[in-house]
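Below sits a lone chain in structure tokens, taken as the form predicted alone.
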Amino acid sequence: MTEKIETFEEKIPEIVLNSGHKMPVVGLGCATHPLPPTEQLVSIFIDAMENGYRHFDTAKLYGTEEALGKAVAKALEIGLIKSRDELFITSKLWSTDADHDLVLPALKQTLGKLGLEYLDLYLIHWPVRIKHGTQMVNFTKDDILPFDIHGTWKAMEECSKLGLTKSIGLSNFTCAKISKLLEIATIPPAVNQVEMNVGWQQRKLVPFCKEKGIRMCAWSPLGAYGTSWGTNAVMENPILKEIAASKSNTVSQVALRWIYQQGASVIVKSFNKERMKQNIQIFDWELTEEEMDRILQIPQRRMWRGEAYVHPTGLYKSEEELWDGEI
């Protein structure tokens, strides 16, 4: 017996990437800690689809690929979506597989967990390589190896040519690292997913990626508020609070709308149904030029500095080197 589904679908705009494929400008982030049981995650992802989300952002690191795959299968079974092609699924290559010969097996493993024949977007998670077989987050400085961006990217291009992913891209890459990659790329990265919010506006990277035709995509658009590693620089910002009150919007809506008006896409992470709805109600109003100017006054500080990848004898000897001065 088919269960009845109630939908509250909000239409999320799509943009065309440099690969020629369309991507919804808002995606649901599938990273969470601690990890809920699989069935609970499946239910959350179905809730998101009922609310109109079609872009889902997961990664090997997150441990949610299998649950997302089950949610896709269930959505098809109950008729919430008519075909897998209605969804845009992103996953990421973890640093233990960031080597030419390990990329294709890693992608095949991801597809197996998701139960899919292809991804819409596959990203290199970090410009870092960690010894293969090392536990994903419990690595030591000795486990960090030289990173061959050229060889790794060539393998990403091969995955694209095999049809296993429609688009390929980067995550946490700077202007300098992208420039180096573009010297050898035959398929340019379609997306660069980075920390971006009103408290870290990526003022150098945004125009650079725009000029190169690479779509910026923001993670932690609300500053990972409420987490042990997050910041209150977004949700408790007085300028955003004033703008939100004047427009009868929430602070999070103003923060997300600001990113959208920068010409970037955004990965939101709320598993609460009501906030899921609010987070995509950002398209039928806009921030004025004066409001955008006020947001420019917000002090800037990178939240996630990547200290784990920095070591005096390693590839990156300082945070300055990791971020090529973009800190």
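Numbering starts at 1 and follows the sequence shown. For clarity, every value in this text was computed on a predicted model and none was experimentally measured.
What comes next is about the form predicted in complex with a small molecule, which is not displayed.
For the options Leu68, Ile282, Val268, Ala48, the residue carrying a heavy atom within 4.5 angstroms of the small molecule in the predicted complex is Val268.
For the options Leu222, Leu114, Val103, Ile89, the one in contact with the small molecule in the predicted complex, meaning a heavy atom within 4.5 Å, is Leu222. Contact between Arg275 and the small molecule in the predicted complex is found at the 4.5 Å heavy atom cutoff. In the predicted complex, the small molecule lies within 4.5 Å of some heavy atom of Tyr62.
When contacts are judged by a 4.5 Å heavy atom cut-off, Trp126 counts as touching the small molecule in the predicted complex. In the predicted complex, the small molecule stays beyond 4.5 Å of every heavy atom belonging to Thr165. Relative to the small molecule in the predicted complex, residues Cys30, Asp57 and Met235 are all within 4.5 Å by at least one heavy atom. You can rule out all but one of 183 to 191, 80 to 88, 133 to 141, 118 to 126: in the predicted complex, only 118 to 126 has residues with a heavy atom within 4.5 Å of the small molecule.
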